[in-house]
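What follows is one chain in structure tokens, specifically the form predicted on its own.
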Amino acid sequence: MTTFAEFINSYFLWKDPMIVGAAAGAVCGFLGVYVVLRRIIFVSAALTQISSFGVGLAFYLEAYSLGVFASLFDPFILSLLLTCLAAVFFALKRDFSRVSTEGVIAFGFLLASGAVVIIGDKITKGAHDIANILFGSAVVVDPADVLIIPAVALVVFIIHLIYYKDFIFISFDSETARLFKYPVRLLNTGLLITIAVVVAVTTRALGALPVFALLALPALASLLITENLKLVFIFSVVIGILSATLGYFFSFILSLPTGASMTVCAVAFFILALGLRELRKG
């Protein structure tokens, strides 16, 4: 167990992971409001698993490829590509014959989840990385992530600032939006692609478990605190940041798995918000 003083003195060790965690928590918390209010939590779960599958598949292909072809299977690129393709598919596909949309999403989630476990079992090189992708281990992050994840978060925030009213309109009154000739399907696709890109870049750094938690729990907690939509976005961003940074802090000083620690912190904020709501009602 590490003391708080030792934690402060180890600034050089946790500075980068904290930056990555805070940026990921902020953007996941923000996008999570759309995920929760549009009732597409299962979509976000599927995207995190597909992103994990992309990273795992890259490790597998690299292990069994020859020569120069090994360099073609970059985990980040493959993960990003598969996640974005899945987001476009979920956004555009409407006719699944007798299978519901939820059933197709469940199929994608389960297929990707099973494939990641099988791939992790088949390769020795990168097996530890596969486990980190599934459950999260942001103890040490790639130096590139310190630039990539905040940059992606900033771009996503700018996009959503520009198209805030459009995304809100098509999310909560799509029929009226169609009457006003809004490109509903295009905007839906754009919204899901921003979520997919964030999922792809953050899953590689934090793991699928904490990313899914940060996409769902901060927004759920915020909706328990207030019904004002703008405040919901603000609270969700703050809770996302706190869940990620406090999760890393407790992981560091108590020697806990990082991804699980972030997830539990997000759960704790949700329980706290639920308790506050019950107190107000009482």
Partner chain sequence: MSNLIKLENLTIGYEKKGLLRTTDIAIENGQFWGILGPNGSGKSTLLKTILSLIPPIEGKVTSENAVVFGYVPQNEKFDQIFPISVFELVSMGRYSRVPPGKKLSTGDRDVIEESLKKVGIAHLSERSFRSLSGGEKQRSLLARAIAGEPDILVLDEPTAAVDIKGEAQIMSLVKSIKQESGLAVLMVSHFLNTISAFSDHIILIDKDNDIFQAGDKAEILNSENLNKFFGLNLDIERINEIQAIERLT
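Numbering follows the first chain given and starts at 1. These numbers were taken from a predicted model, which means no experiment stands behind them.
What comes next is about the form predicted in complex with the partner chain, which does not appear here.
Handout entry: in the model of the complex, the residue from 169, 76, 109, 90 that sits within 4.5 Å of the partner chain by heavy atoms
Key = Residue within 4.5 Å of the partner: 169.
Practice task
Would you mind picking the one in 241, 216, 61, 232 that has a heavy atom within 4.5 Å of the partner chain in the model of the complex?
Solution key: Filtering the options by heavy-atom distance leaves 232.
Handout entry: the partner chain contact in the model of the complex: residue 173, any heavy atom under 4.5 Å
Key = Yes - in the model of the complex, heavy atoms of residue 173 and the partner chain come within 4.5 Å of each other.
Exercise for the section: Give a yes/no on whether residue 183 approaches the partner chain to within 4.5 Å in the model of the complex, heavy atoms considered. Expected result: Contact with the partner chain, yes.
Exercise for the section: Answer yes if any heavy atom of residue 255 is within 4.5 Å of a heavy atom of the partner chain in the model of the complex; otherwise answer no. Expected result: No - in the model of the complex, heavy atoms of residue 255 and the partner chain never come within 4.5 Å of each other.
Practice task
Considering only heavy atoms, tell me if residue 144 and the partner chain come within 4.5 Å of each other in the model of the complex.
Solution key: No - in the model of the complex, heavy atoms of residue 144 and the partner chain never come within 4.5 Å of each other.
Exercise for the section: Counting only non-hydrogen atoms, choose the one of 156-164, 111-119, 193-201, 78-86 that falls within 4.5 Å of the partner chain in the model of the complex. Expected result: Result of the contact check: 156-164.
Handout entry: Interface residues of 31-49 toward the partner chain, as seen in the model of the complex [heavy atoms, 4.5 Å]
Key = Stretch hits, in order: 36, 37, 39.
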